[in-house]
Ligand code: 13P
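Taking the form predicted on its own, here's one chain by itself in structure tokens.
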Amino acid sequence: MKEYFNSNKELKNIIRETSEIAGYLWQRGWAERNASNISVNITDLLKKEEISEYSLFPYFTLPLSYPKLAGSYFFVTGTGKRMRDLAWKPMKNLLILQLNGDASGYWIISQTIGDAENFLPTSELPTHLGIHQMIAERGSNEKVVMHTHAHELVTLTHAKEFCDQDRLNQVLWSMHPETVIFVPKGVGFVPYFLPGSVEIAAETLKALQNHDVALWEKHGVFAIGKSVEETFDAIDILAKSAHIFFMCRSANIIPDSFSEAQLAELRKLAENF
């Protein structure tokens, strides 16, 4: 399998793109210690690959099954791994998984049993798989799920005023034209729940039904997209809007938001992208 991964140019390009974005997450200060995790559905790239010796690969059961993902392949970041390390040593910090026939468990096919450097996928794997399952159920073509601690956006949620989805989006859309154009669905707000809990996973799925980005109160963001770069861009643009808002506030300026007519004009422009 390792030889196959090395010869698969499309897969190598996606891994290269992921390692580059991992570096950006670290540079932006959104990936302290082992914060941030990424998963990519790569089934289209590996579905023709036949594995004959499943007994060679570590196997793990999942707390839930994800029937729409049966037999699917993913690469995911490893638990405890740092984005700054993934940026220059991707295959030592991410894994390639294949789900079993009813998606109740998975093999780590980028490792073999007994490898000295074996490690597990991100602890957020159930949330990632839940989101990929939702994507499969609705038949859309997003392939990427990304979680990171965009502090500009997290800061907004420390004010009760912005723990309201409508108010939050009003502010983010009103600071910069590109936010309306490239993130037209806005942000789904998720109130605080214990990280890694069933509750926060369920609320995140709910928020991503109608948005491409879910903002967790006092924690971070989950975003979905067709590529790793596109997913990062959505978070980056939203963070830019939040940053402009805080710059205005720190300069004792009350932001002069876009008018409803200007927002309508921008939304019409967004239809062309």
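Just so it is clear, the structure is predicted and the values come from calculations on it, not from any experiment. When you see a residue number, it is the position in the sequence shown, counting from 1.
The form predicted in complex with 1,3-dihydroxyacetonephosphate exists for this protein as well; it is not shown, and the discussion that follows is about that form.
1,3-dihydroxyacetonephosphate in the predicted bound form is not approached by S174, whose heavy atoms all lie more than 4.5 angstroms from it.
Shown alone here, N37 lies within 4.5 Å of 1,3-dihydroxyacetonephosphate in the predicted bound form, counting heavy atoms only. Although the partner is absent from this view, H149 contacts 1,3-dihydroxyacetonephosphate in the predicted bound form, with a non-hydrogen atom inside 4.5 angstroms. 1,3-dihydroxyacetonephosphate is not drawn, but in the predicted bound form it has no heavy atom within 4.5 Å of P191. Proximity to 1,3-dihydroxyacetonephosphate in the predicted bound form, defined as a heavy atom within 4.5 Å, holds among S123, Q170, T155, N100 only for S123.
Scanning G80, G105, P184, G71 against 1,3-dihydroxyacetonephosphate in the predicted bound form with a 4.5 Å heavy atom cut-off leaves one residue, G80.
Only one of 89-97, 123-131, 176-184, 136-144 places residue heavy atoms within 4.5 angstroms of 1,3-dihydroxyacetonephosphate in the predicted bound form, namely 123-131. Of all the residues from 237-273, none has a non-hydrogen atom no more than 4.5 Å from 1,3-dihydroxyacetonephosphate in the predicted bound form.
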